[in-house]
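Only one chain comes next, encoded as structure tokens, the form predicted on its own.
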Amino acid sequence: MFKNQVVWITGASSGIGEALAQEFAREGARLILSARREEALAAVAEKCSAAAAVHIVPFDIAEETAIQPAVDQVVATAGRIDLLINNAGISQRSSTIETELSTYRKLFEVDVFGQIALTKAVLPIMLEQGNGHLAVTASVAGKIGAPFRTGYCAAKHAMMGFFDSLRTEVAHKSIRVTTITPGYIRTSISENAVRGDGKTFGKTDEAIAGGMEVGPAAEAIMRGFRKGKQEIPVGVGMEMHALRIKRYFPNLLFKIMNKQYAKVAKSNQLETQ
């Protein structure tokens, strides 16, 4: 299905992005891998290069001026873009009261405005091609509110809204839009999360440590792509049940999340000393 398709993955230097790169490589896709860390991208590309053509395009998605040059480089290299997976992003581990406004802005620059800017730059190319596929790694946090993640949840809710709305605008133009909603996946997301002052959280929290392995998560996402799903939930923990509880029993979910706050606060999971 993806053989010779040009697949561009952002946030490809680790985690879900890296695992998806390896899955698409096995399918024979032509890969474009992007992230900030060029050395890490090169290592991922090396893992994929035996099975597929791979190019790396390092850039910082939070830098608006870097986006169009990256798009131009991809088109010059591959000639087209069949699938863009907006997978770059950062998370948060801090209470509202201790989170500086600059930290909220940082979360939105990376998790929202960067994704929107890149999508807007790629969309005209897909319209000219007459087809394409846009995907975003949102989160269960884009459906429910979790304690100590107010900025992250707000950003992921924004992404769900943007891409759900975009889907309605481009469906009749042969462009697909897919939202991916992972739960807890064993990646470095909590290690790389920001604290209230914008500094790195620097450790893996209990929920992530007990989450789904990244390889099976990527396989589940690939199955969703093959089936043409417009939304792909990915996870094995209790957080996945929260999606249904929120829809049918919202007050129950609010009580559950209140207990989650108490659990995290009591266990000092956010303590950084």
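Keep in mind the model is a prediction, meaning the values are calculated, not measured. Note that residue numbering begins at 1 and tracks the sequence as displayed.
Not pictured, yet referred to below: the form predicted together with a small molecule.
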Handout entry: Contact test, all of A35, D60 and I189, partner the small molecule in the model of the complex, heavy atom 4.5 Å
Key = yes
Exercise for the section: Mark Y184 yes when one of its heavy atoms lies within 4.5 Å of a heavy atom of the small molecule in the model of the complex, and no otherwise. Expected result: yes
Problem - Contact test in the model of the complex: A138 vs the small molecule, heavy atoms, 4.5 Å - result: yes
Handout entry: the small molecule contact at F163 in the model of the complex, heavy atom, 4.5 Å
Key = no
Exercise for the section: Would you check, heavy atoms only and a 4.5 Å threshold, whether L123 touches the small molecule in the model of the complex? Expected result: no
Practice task
Taking 4.5 Å between heavy atoms as the contact cutoff, choose which of A88, C153, L134, L118 touches the small molecule in the model of the complex.
Solution key: A88
Exercise for the section: Counting only non-hydrogen atoms, choose the one of 94-102, 123-131, 76-84, 176-184 that falls within 4.5 Å of the small molecule in the model of the complex. Expected result: 176-184
